[in-house]
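A lone chain, given as structure tokens: the form predicted alone.
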Amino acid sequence: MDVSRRRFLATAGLVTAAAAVPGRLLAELEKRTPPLPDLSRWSDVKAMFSLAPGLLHFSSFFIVSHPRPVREAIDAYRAVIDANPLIELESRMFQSEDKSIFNEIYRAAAPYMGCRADEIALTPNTTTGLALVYHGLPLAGGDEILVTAHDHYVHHEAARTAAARAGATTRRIALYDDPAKVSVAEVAARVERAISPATRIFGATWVHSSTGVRLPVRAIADELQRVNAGRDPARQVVFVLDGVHGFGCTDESAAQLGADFFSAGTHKWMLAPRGTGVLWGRADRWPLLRPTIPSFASLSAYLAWQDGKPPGPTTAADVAPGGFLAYEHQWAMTAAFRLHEKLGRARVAARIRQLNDQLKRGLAAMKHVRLHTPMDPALSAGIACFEVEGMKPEAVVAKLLEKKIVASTSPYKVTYARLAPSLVNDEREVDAALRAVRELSAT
């Protein structure tokens, strides 16, 4: 046992107990979590979800139904915590940072995200991650946060409240007028024209839940890199990305998109436990942030406090919000990342693309339907937004539910009906959804 862990556990008199128990608990955990099954057939993947029978679920992007391996991991962690809560938490969380359970989660997530383990902070959701970044970045009077008109309420509010606190301003721009006709060149050009000398942060959303548009993030990042090349390092634009609706359904890793910070809940396309998320940042960008919530993941910050010393430069672990959580959910994130590793990111992305291409082709062929999501799979992902002539989106969703199709509406001022095929669906279900939309023309 290293000195830092011994110092921490000794304050609770747990050195001997903590050293004796983890091996038994790990063995119990392994016994309660069977190995992943063969998932070579999509029908077997679909069977992992305990969704209500009799309904066709096309809104799983909203919040996940836990697949069986994740349910089993949650149950296993709950059992070992219930059996010995104090010793289990102390021995798993407050060891050296290298041996803590947080690091197990980082190591499981890092290959999928294309980054180093120490570049990841764990969060409860996308909203928290965005707020931690916007409120942690240095801003002053005269500075500007530039966001897009297509971002969600929580993104706009994180930017607005951070700017208000610092005496800075926010501004919104539209990156396209017609989502179905969006182009890479148009998006890049609008970003270029919108950046001003006052712009310190640019915030955007990878996949828009309002229209289904998938932004060409790399093209935006390249444009911002050209801007930053002519700026003083202290005045460079920081690129903040809400990545939740592309994370887990595309074949691009978070760290390779080109953003500086990437926030995403993992309880959507990633199939992780509800109430979990990740915040990734470039290694050289984390020191820019001031932590907002005290962290339980940074042992070095705790020891600095204990010794009355100032903390060192900010790391990802320092930014991860502390406080007691539903640990069986957070710790079971590893099961979701391992599930995606076994399925294969490219294979999952191809499957979701296949089902969405089938859906979009069918919707586009209907004369009474207007599809707002681009047909180009490079500019779309897992969400298709559409209108039915003569019907409000809420009525479309209600009528589809009468036909046992679970759809949704986009929660924006301009709203559309949405269908989002995922791993819980198959080709026959997509055909059934299309048939139900087609029949709406007669109502």
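Residue numbers run from 1 along the displayed sequence. None of the values given here were measured: they were computed from a predicted structure.
There is also a form predicted in complex with a small molecule; it is not shown, and the following applies to it.
Listed stretches are 253 to 261, 266 to 274, 189 to 197, 108 to 116; the contact stretch with the small molecule in the predicted complex is 266 to 274, by a heavy atom cutoff of 4.5 Å. Taking 295, 125, 148, 211 one by one, only a single residue has any non-hydrogen atom within 4.5 Å of the small molecule in the predicted complex, and it is 125. Between the small molecule and the residues 152, 372, 329, 92, the one pair within 4.5 Å by heavy atoms in the predicted complex involves 152. Contact check for residue 356: no non-hydrogen atom falls within 4.5 Å of the small molecule in the predicted complex. Residue 241 falls outside the set of residues with a heavy atom inside 4.5 Å of the small molecule in the predicted complex. For the chain shown alone, residue 49 is not a contact residue for the small molecule in the predicted complex, no non-hydrogen atom being within 4.5 angstroms. The shortest heavy atom separation between residue 412 and the small molecule in the predicted complex is within 4.5 Å.
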